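Below, in C-alpha cells: the form predicted alone, a single chain.
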C-alpha cells in the first residue's frame, strides 16, 4: 500500500530540475542540510528527499524527487556537504549520481560484497567481505619518494573508537589526511524498521550514547510532527532541563580531554572531576547518568527530581568558574590551541560544519534559537560565537555554552510551570515528520516515515558527528603531527555518532 504524507509540506521536483532549484536556493541564501533515500513501499522505486533551510527563523523545506532513471545529477559540486549523503545513498540504496566528485564507497568498506543494497526492502542476507586495499590518493611529483604513509588504526590506543586514520607526511608535516570510518556501522536506521514509534525512542537514545537526550528529542519531535501532537508546556520546559544537563556534562568532558592532548594533566583531572559531578547530578535528577528513559513521544514518561538542581548547580558553577580562569591563564595550554586546526568560515559553511565547530568559525547558527523547539523561545538563550576558527575558538565557544547552560537550568528550576507532563501521541498510519534538536556537538535531525500499520517504515538520522567528520580533514591537511591529537579533540567528534 502506498502512503501519502501528512507533514511536513513537501515540494515535488523532477530529477532534471534538481540542479536549477539547488542553484536558485543557494543564491537566495538557503543552506542544504542533508538528503536521504527511501522506498515508499516494498514494490515502489526509491525516492530522494532533500532538506534545506531557507534562512534563520524559516521552517525547513523538503524536496521530493522520484527519479525515473539513473544516474541522478549530483548536487555536491554546488553544495559540497551533500557529497557524503549521496555516497551513502549509493552504498545503502544502490542509487547512482552523475558527476559525484568522490564516487568511492563511503559506508561499505573495500571488499564488501552485497547481493543487493542493504536498505532494499526484504534484504536480510549478511554482507560478505574479501580482503581489499583501501583506495588512497596517488602520489605524484618529484618529492614523492620522500612522502611516508602511516595508517593508524582501526584499533587505536586507550579506549578510542575504531577508525583508520591514514597520514601522508614528510617529517612532521602532514600533506594529506584520509579518515576511514564505518568499521562498526550498526545499521541503526535499518533497526528502526517495523518498530512501534514508542519503542523507537529506546534506539534513538543509543545512536550516540553521549547524545541520548538530544537524539531522543529530535526523534520524538519528528514523531510528534507526524502525529500532530502538542507537548504540554511543563514537559517542554523539563525537556530543556534534560537537554542542558546533557550539554553541561559533555562540554566538561570535552575540556578534560582537550587538556589531556595538551599534556595539562591537572586540567585533565579537574575537567573529568567536574564531568563526574555533572553526571552525579544527572543521576539524582533522572536515575540515569546519561539521562535516559524520560523522553517519550508526547512528553515525558515520569517527573524528574527537579528540586535537587538549584543547590547542586551553585557548587558546580563555583568550581567551573575557577577551572575556566585557570585554563585561560595557563599559557602552555592556550599556546597549543591558538592557530591549531583553523577552519575558515566559508569552508565551514560549504562542507556542513555544525554546532560549536561552526560557531567557532563565525557562523551564528543554533537551532535552539533559529528553529526553536520546546521552551527555548521562552528562556534566556545566548548563542556563543567566535571568529578564529581554531582550537582555541572551539574551546571558547564551549566555555561560554557551559555558563549559558547553567543560566538556562536555573531559569527552568525557578520558573517551571505546573501541569501535565505527557499528552496522547497516537501513531498516524502513512504519515511522516521531521524533527531536530541541538546536541552538544551540533544539530541532529530525524526524518520518520510511518507505514500503513502505524509502525516505523523509514527513519533517517542526520547526526552532527557525521557532518563534522566530513569537515575535519580540511583542518588536518598542511598541518603537523604534533598538533593532530589536539585538533581532533577540539572538534569533539564521536565515531559512533558518525557511523550509526
Partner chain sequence: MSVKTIPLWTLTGLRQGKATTRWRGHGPEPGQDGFLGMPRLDPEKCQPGCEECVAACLPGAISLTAGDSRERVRVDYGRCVVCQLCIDACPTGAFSASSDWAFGSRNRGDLIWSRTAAPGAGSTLKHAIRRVFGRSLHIRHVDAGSCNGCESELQALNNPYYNLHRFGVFFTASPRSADLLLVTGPVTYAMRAPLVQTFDAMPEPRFVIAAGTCAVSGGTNGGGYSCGRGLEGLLPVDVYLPGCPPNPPAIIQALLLLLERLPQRVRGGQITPEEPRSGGAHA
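Quick caveat, the model's predicted, so the values are computed rather than measured. Numbering follows the first chain given and starts at 1.
Not on display, but discussed next: the form predicted in complex with its partner chain.
Colleague: For the three residues 157, 186 and 202, which mark the spot I'm curious about, does each lie within 4.5 Å of its partner chain in the model of the complex through at least one heavy atom?
Modeller: Checked in the model of the complex: all three residues contact its partner chain.
Colleague: Should residue 276 be classed as touching its partner chain in the model of the complex when contacts are defined as heavy atoms within 4.5 Å?
Modeller: Close contact exists here: in the model of the complex, residue 276 approaches its partner chain to within 4.5 Å, heavy atoms only.
Colleague: Does any part of residue 395 reach within 4.5 Å of its partner chain in the model of the complex? Heavy atoms only, please.
Modeller: Output for residue 395 is no: heavy atoms all beyond 4.5 Å of its partner chain.
Colleague: Using 4.5 Å between non-hydrogen atoms, is residue 284 touching its partner chain in the model of the complex?
Modeller: Yes, residue 284 sits close enough to its partner chain in the model of the complex that at least one of its heavy atoms falls within 4.5 Å.
Colleague: Given that its partner chain is not shown alongside this chain, does residue 292 nevertheless sit within 4.5 Å of it in the model of the complex, heavy atom to heavy atom?
Modeller: Taking the distances in the model of the complex, the answer for residue 292 is yes, it comes within 4.5 Å of its partner chain.
Colleague: So if I measure heavy atom distances to its partner chain in the model of the complex, which of the stretches 217-225, 356-364, 387-395, 111-119 falls within 4.5 Å?
Modeller: Correct option: 111-119.
Colleague: In the model of the complex, which of the listed residues (381, 327, 72, 313) lies with a heavy atom within 4.5 Å of its partner chain?
Modeller: Filtering the options by heavy-atom distance leaves 327.
Colleague: Quick one: of 369, 345, 272, 233, which gets a non-hydrogen atom within 4.5 angstroms of its partner chain in the model of the complex?
Modeller: The residue in contact is 272.
Colleague: Could you run down 188-209 and flag each residue that has a heavy atom within 4.5 Å of its partner chain in the model of the complex?
Modeller: Contacting residues: 188, 190, 191, 195, 198, 199, 202, 203, 206, 207, 208, 209.
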